[in-house]
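Below sits a lone chain in structure tokens, taken as the form predicted alone.
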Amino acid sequence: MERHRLIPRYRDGDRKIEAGRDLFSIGSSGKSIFNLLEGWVAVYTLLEDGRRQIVQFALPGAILGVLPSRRAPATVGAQALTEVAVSVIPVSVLTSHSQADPEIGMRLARSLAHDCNLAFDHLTSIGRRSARERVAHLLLELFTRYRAQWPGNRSEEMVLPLTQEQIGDATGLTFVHVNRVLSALRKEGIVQFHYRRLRILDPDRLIEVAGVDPEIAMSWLERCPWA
């Protein structure tokens, strides 16, 4: 947990948040940022009719709630998918620590650049990839990002705390579409997703189905930029 802290010595703002609760909601003021220390978070937007688009799944080390200006309200919300531990850092505290330790600013910049790259990739996925490619791409991305948290780990199985509806919210697909794709991938011996556990049966085929360059997939296994 300690290696995920943006400000190593700051613990005054540590909080535990239950699964299903929001860290912050759409329209919030952004007086603090949230440094995710443990657990999974979904960053989402809402349409006028209540439909939800998940734009990012945040893993430990992520920095959430950074706004372009102090007056701008948050245009996304962040919901805990599991029980999470976060460091809630007031902007005033972040500013004072950044002045004393410029490396904090660099880590924050790397984290934001990482998020932008993921966002561009998700936009491409929803805009250009087929339903099969979208689901495969998301599973591959989450698996490699998760495994990168523990360098040297060679396990092909992980706890993936998502429902098929949440996978649909992230890929722009209906529950029926997601269910069909997951069933097909399982029958083909590529992946198995059951009771929120993901097992990669054939990594090479998963990379092929996802339409990802193998070198890019390997780059996802590099340590997180904020670690």
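Don't overthink the numbering: it's just position in the shown sequence, from 1. If you're wondering where the values come from, they're calculated on a predicted model, not measured in any experiment.
Here the subject shifts to the form predicted together with the DNA, a form of this protein not shown in this document.
Undergrad: May I ask you to state whether Val176 is within 4.5 Å of the DNA in the model of the complex, using heavy atom distances?
TA: Heavy-atom contact with the DNA at 4.5 Å: present for Val176.
Undergrad: Quick one: does Glu188 come within 4.5 Å of the DNA in the model of the complex, counting heavy atoms only?
TA: No, Glu188 is distant from the partner.
Undergrad: Residue-level contact is defined here as any heavy atom of the residue lying within 4.5 Å of the DNA in the model of the complex; does Gly172 satisfy this criterion?
TA: Yes, Gly172 is a contact residue.
Undergrad: Verify the contact flag for Ala131: yes if a non-hydrogen atom of it lies within 4.5 Å of a non-hydrogen atom of the DNA in the model of the complex, no if not.
TA: The answer is yes: Ala131 has a heavy atom within 4.5 Å of the DNA.
Undergrad: Just one of 39-47, 56-64, 162-170, 24-32 has residues with a heavy atom within 4.5 Å of the DNA in the model of the complex, so point it out.
TA: Looking at the other structure, the answer is 162-170.
Undergrad: Any residue of 64-99 with a heavy atom within 4.5 Å of the DNA in the model of the complex counts; write them all down in order.
TA: Nothing in this stretch is in contact.
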